[in-house]
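Next up is one chain by itself, shown in structure tokens, the form predicted alone.
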């Protein structure tokens, strides 16, 4: 068997991005249930926003071309009122201001026809039904019709819907929205040494942590998850479980069993189950043994068993794929900061990701003892990337870090 040449992680990510995915299935949900869901298509604005010219401040509406020294107050307009509807004066039924007239108006209320600006209350004085300017109003203080959005324009573009997005939709009278159906992510932990938290440990056994981190990461990325449990190092059992999970999952994540040990059956079992391997082994640290493959139905990642590797690789490769399956483009958040302490390494034959914390523009590497040290990742809020052949980064260097 020919030894695979480890692939640069950027090339591997390009392979993940290059594979075609079906347009996401959609479902309509009420607005209160839409937070955190993926919006796969732009939502057109059903009307202008705002639907009329309205006051941005409490004050007095006046004509743009009116140079009067004082103004007769012809009506008071509260939010929800129609200008002129209750005014017996010269404004008439249309609510149009005439020279020398003004209307007392509240924030958010529709301004009368012909309004050029709203003079703030603090720039005026009122006496017996007349308003006089005490100082010039430098601003317009009118939010014009369609200023926020025009009918038919893209109200929201594809994104993960947040609280402000729901407010935008609600302000347009949209009570439900079509969102992407959540992809199903299957999770399998392999290894006879694994036990569930709460179970007693015998000598040589450890607790399964990867399933819990992967499930949490997948749900944070917008997916649903199915945990297929721990599969011991038994080829027949592994084949049965993987075959079932592949049939039921859009993305299958396996942790452990992808390296070169005598009981690392995952690559062979995946081949037996009809998986086409797209890459296996990367020039990356942590995570060199990583495998990625496809079936007619979906995708599968074979991730190393060490928990820091599993966590980092999900952020780099799995999260972008989940977003694509929901019709979104994954955009990792990158921050710029100054490195607090020098980073050095002896071997620079792989791209390496190191956990760190960024605060107030300063990047502080976390205490980290390698791919088994998930504690170091738990203390981090970002990852520093060291490139191939880069043996050190000097203290004070400006680095770009990826938020996790």
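Numbering follows the first chain given and starts at 1. Just so it is clear, the structure is predicted and the values come from calculations on it, not from any experiment.
Below: the form predicted in complex with adenosine monophosphate (AMP), not depicted.
- Put simply, residue 115 is far from adenosine monophosphate (AMP) in the predicted complex: not one heavy atom of it is within 4.5 Å.
- Heavy atoms of residue 96 never reach within 4.5 Å of adenosine monophosphate (AMP) in the predicted complex, leaving it off the interface.
- Contact check for residue 206: a non-hydrogen atom falls within 4.5 Å of adenosine monophosphate (AMP) in the predicted complex.
- Though the partner is left out of this view, residue 304 does reach within 4.5 Å of adenosine monophosphate (AMP) in the predicted complex, counting heavy atoms only.
- Per the 4.5 Å heavy atom criterion, adenosine monophosphate (AMP) in the predicted complex is contacted by stretch 206-214, the sole one of 328-336, 106-114, 133-141, 206-214.
- Of the candidates 242, 291, 223, 194, 194 is the one whose heavy atoms come within 4.5 Å of adenosine monophosphate (AMP) in the predicted complex; the others do not.
- Only one of the listed residues (284, 275, 189, 318) places a non-hydrogen atom within 4.5 angstroms of adenosine monophosphate (AMP) in the predicted complex, and that residue is 189.
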